[in-house]
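Just one chain is shown here, as structure tokens, and it is the form predicted on its own.
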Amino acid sequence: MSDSSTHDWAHHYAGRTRGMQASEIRELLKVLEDPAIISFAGGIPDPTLFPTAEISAAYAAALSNPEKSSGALQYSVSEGYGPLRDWIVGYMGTRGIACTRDNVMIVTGSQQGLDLLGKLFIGGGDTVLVERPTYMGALQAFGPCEPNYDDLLPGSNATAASLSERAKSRGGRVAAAYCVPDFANPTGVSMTTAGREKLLDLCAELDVPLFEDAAYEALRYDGPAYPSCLELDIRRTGGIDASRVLYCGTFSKTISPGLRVGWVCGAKDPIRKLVLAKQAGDLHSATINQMVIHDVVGRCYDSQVAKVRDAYRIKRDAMLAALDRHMPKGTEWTKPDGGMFVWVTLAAGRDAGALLPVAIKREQVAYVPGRAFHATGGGENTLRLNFSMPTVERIEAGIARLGKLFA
């Protein structure tokens, strides 16, 4: 006779598990399997743009050669596949960032990079400076470290000294700053060069590392590119090993998210520490996936990025035009030069979270309520829309339905 009762696990968990929160997006995606629902919810690349033929050929090449396949399927070094790290060194060089293989480590998607950075730099009760709103995946990564949060680049009344004092009053220190400077998730807004310089000034005054999340940097559709925070800091300090910026890059938005290959680039000392943290977590990222990425980017990186940019530019333009046509008076939205997202602000007093169940059930449209991206509360009348995944036709239909609902 089986016992249907379950053990009470709650009192066994470590205190830091209080910082583990389910992603609203991941939970939302579970109910969006119905193809009738038009989803603007996930930050998902369009799978029709994946370089499938090149990826297939790269796997075949890795596995058909006995000598190559033995390395592809074997344990490997935690730092990552050497030829891929060398390719990244060259790529970073085109971005004005002179570095060596020792300044680069491979991670299982840049999300793992954020997780490792949190473990390395953030202690319980420490304060992390983040944008308002900010990427909820970063909040998830940092959450188990039990941090407090404060506003990055705060108003004129806040100074480095006041931020430090506030962190101290909460029982910790300002441990790090985090930003998505290019086409931010969730807003799509980019930080200007002047804004990046101001951020570097603040980090220097506070003497804290800056985690630069460059996930969308390659997805620029209009205008000239801004220098990365890492490039600007290297100009200030004279070299990457003197810089306080740790840059997180990824192939998920340009090649394929399913291969889970990203990288962290920065000064050698923290990279060595991050390697130790990675060894404890997963030993190394899948070698065969790193080899495949290296093969693919060597063949077609520039043409692949151009293809993705062209496709997403059309979708972004379709969404902005549809918002112009269908959103009620009093609604505002960002007009991003790149990335995957548009940030919508409803009239004061509206609650995007409360409207979501109605949007899904009645209008068969999904989005992400904005409050999930606010580390310190707020954002109830905001929402994030993704334009990279749906077709132009579904963008038009979905925005029309949302406009009717919000009106």
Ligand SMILES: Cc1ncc(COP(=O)(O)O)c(C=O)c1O
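These figures come from a predicted structure and were not determined experimentally. Counting begins at 1, following the sequence as shown.
As for the form predicted together with this ligand, it is not shown, yet the points below apply to it.
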Quiz item: Counting only non-hydrogen atoms, which stretch in 233-241, 75-83, 248-256, 310-318 is within 4.5 Å of this ligand in the predicted bound form?
Solution: 248-256
Quiz item: Could you tell me if Arg260 has a non-hydrogen atom within 4.5 Å of this ligand in the predicted bound form?
Solution: yes
Quiz item: With a 4.5 Å heavy atom cut-off, would you call Asn148 a contact of this ligand in the predicted bound form?
Solution: no
Quiz item: Using 4.5 Å between non-hydrogen atoms, is Ser110 touching this ligand in the predicted bound form?
Solution: yes
Practice problem: Would you please decide whether Tyr135 lies within 4.5 angstroms of this ligand in the predicted bound form, comparing each non-hydrogen atom pair? | Solution: yes
Quiz item: Of Leu116, Val180, Ile293, Val264, which one comes within 4.5 Å of this ligand in the predicted bound form, counting heavy atoms only?
Solution: Val180
Quiz item: Considering this ligand in the predicted bound form, which of Gln304, Asn185, Thr287, Thr334 comes within 4.5 Å of it through any heavy atom?
Solution: Asn185
Quiz item: Does any residue in 182-215 get within 4.5 Å of this ligand in the predicted bound form, counting heavy atoms only, and if so which ones?
Solution: Asn185, Asp213, Ala215
